[in-house]
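Quick setup: one chain, the form predicted alone, written in structure tokens, and binding and motion questions come after.
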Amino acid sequence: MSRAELLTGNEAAARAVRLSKPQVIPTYPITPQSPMLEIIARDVETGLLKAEFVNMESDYAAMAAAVGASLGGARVFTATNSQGLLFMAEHLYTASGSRCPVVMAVVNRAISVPHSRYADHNDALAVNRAGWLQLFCEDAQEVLETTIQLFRICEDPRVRLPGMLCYESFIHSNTAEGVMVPEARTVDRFLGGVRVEALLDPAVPRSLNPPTPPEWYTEFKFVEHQAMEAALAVIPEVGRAYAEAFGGRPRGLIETPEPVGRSVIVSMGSIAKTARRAVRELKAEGLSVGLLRVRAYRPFPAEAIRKALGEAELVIAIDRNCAAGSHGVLYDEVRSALYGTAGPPRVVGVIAGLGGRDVTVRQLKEVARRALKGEPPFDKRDDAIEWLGLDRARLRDESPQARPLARAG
């Protein structure tokens, strides 16, 4: 039913798109997802994928076209990242508010300034309130599986919301791994055909997004919220169905490879793979350390996290993102989820891997040991946060190249 192939993350996403058979693919190329679009365009040109591939003039226009195609009843796929995703922001809300089950690959890339083409999660997290599902992948296998699963999740009538498949620039997009690829006919059965109701029909004129008075607006937003809440059940349901159809492990909202210990590392994306080895080595040293990987960031699985961390005393949230003047999102979300529980664990935060910087097993082991011992900066009870691998020498560099804004005046 499946065969092993050596695929990059971009190739895995493109193969999943071919298997899922979207009918309209409006796109605008941006590094590093462009190679994926090249593969998809070639599949359309050679007849392997029967779809309208539309090269738009901008990311903004690509999402506008995606909304229109979805409202017309088409299964739609698109892709972007970084500045392109931010350029789409207005129509991200249009897509979710119009209940368009568009699937979009977001190849997570740092946001300017300074300009970077390397990985972190700030692009997707900048639009984490736009009403889109957001699933974060650990490796190329999960990229393929999540792409296929998202079409079924987003098109489920209990959900009918757009969804982002998030994987990381170069770390995933350009790195080749062994991937089990299912047969086309079994994917056809799994997806069960296109389930996108056409809301726009030239034969039946209707208004879209009319001016809405206060008496109606709240109810529209509440219905969207209910759909996102429903996705908390649909995501693991589809993950189990995929595992039954194709093998492998069921993918749900979170993943705890083993029972968590007294202390738990919480992460998402590629850092989770590094953390797995760090946790194994720390356990071999006799330390009680576990791992919790967040797969579904939106909807955020607060109840599942509360249950998984019920016995923990210390949570170390590793964030590949940051917000100036605040913390990483996992730190904030996990603390919020645990607030009010009986005897909640202490939560400390670590900012790591920004702009594609390497995060090593040695670094994660060292930060876990220091957090367990309560060494600085983890000697503080509240708001303890570490910037992993911070180069203090660069902060002392007064050259114009290092401090362009400081010199600008």
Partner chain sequence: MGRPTPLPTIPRSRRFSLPPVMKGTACEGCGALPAADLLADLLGPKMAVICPASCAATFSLSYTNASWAVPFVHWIFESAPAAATGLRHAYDARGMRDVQVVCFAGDSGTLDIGFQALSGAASRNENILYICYDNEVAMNTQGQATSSSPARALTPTTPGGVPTLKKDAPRIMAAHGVPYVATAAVSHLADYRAKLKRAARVRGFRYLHVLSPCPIAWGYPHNQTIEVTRAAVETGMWMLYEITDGRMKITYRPKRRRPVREYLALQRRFAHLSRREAQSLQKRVDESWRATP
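These numbers come from a predicted model, not from an experiment. Residue numbers count along the first chain shown, from 1.
The next section is about a form of this same protein that is not shown, the form predicted in complex with its partner chain.
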- Item | its partner chain contact at Leu200 in the model of the complex, heavy atom, 4.5 Å | yes
| message | in the model of the complex, is there a heavy atom of its partner chain that lies within 4.5 Å of any heavy atom of Glu45, even though the partner is absent here? | response | no
**Prompt:** Heavy atoms within 4.5 Å of its partner chain in the model of the complex: does Ile30 have any?
**Reply:** no
Requested in this report: Considering only heavy atoms, tell me if Arg206 and its partner chain come within 4.5 Å of each other in the model of the complex.
Outcome: yes
Within 4.5 Å of its partner chain in the model of the complex by heavy atoms, the stretch out of 221-229, 85-93, 150-158, 185-193 is 85-93
Exactly one of Leu372, Ala41, Val361, Ala64 comes within 4.5 Å of its partner chain in the model of the complex through a heavy atom, and that residue is Ala64
Near its partner chain in the model of the complex, with a heavy atom at 4.5 Å or closer, the residues from 141-162 are none
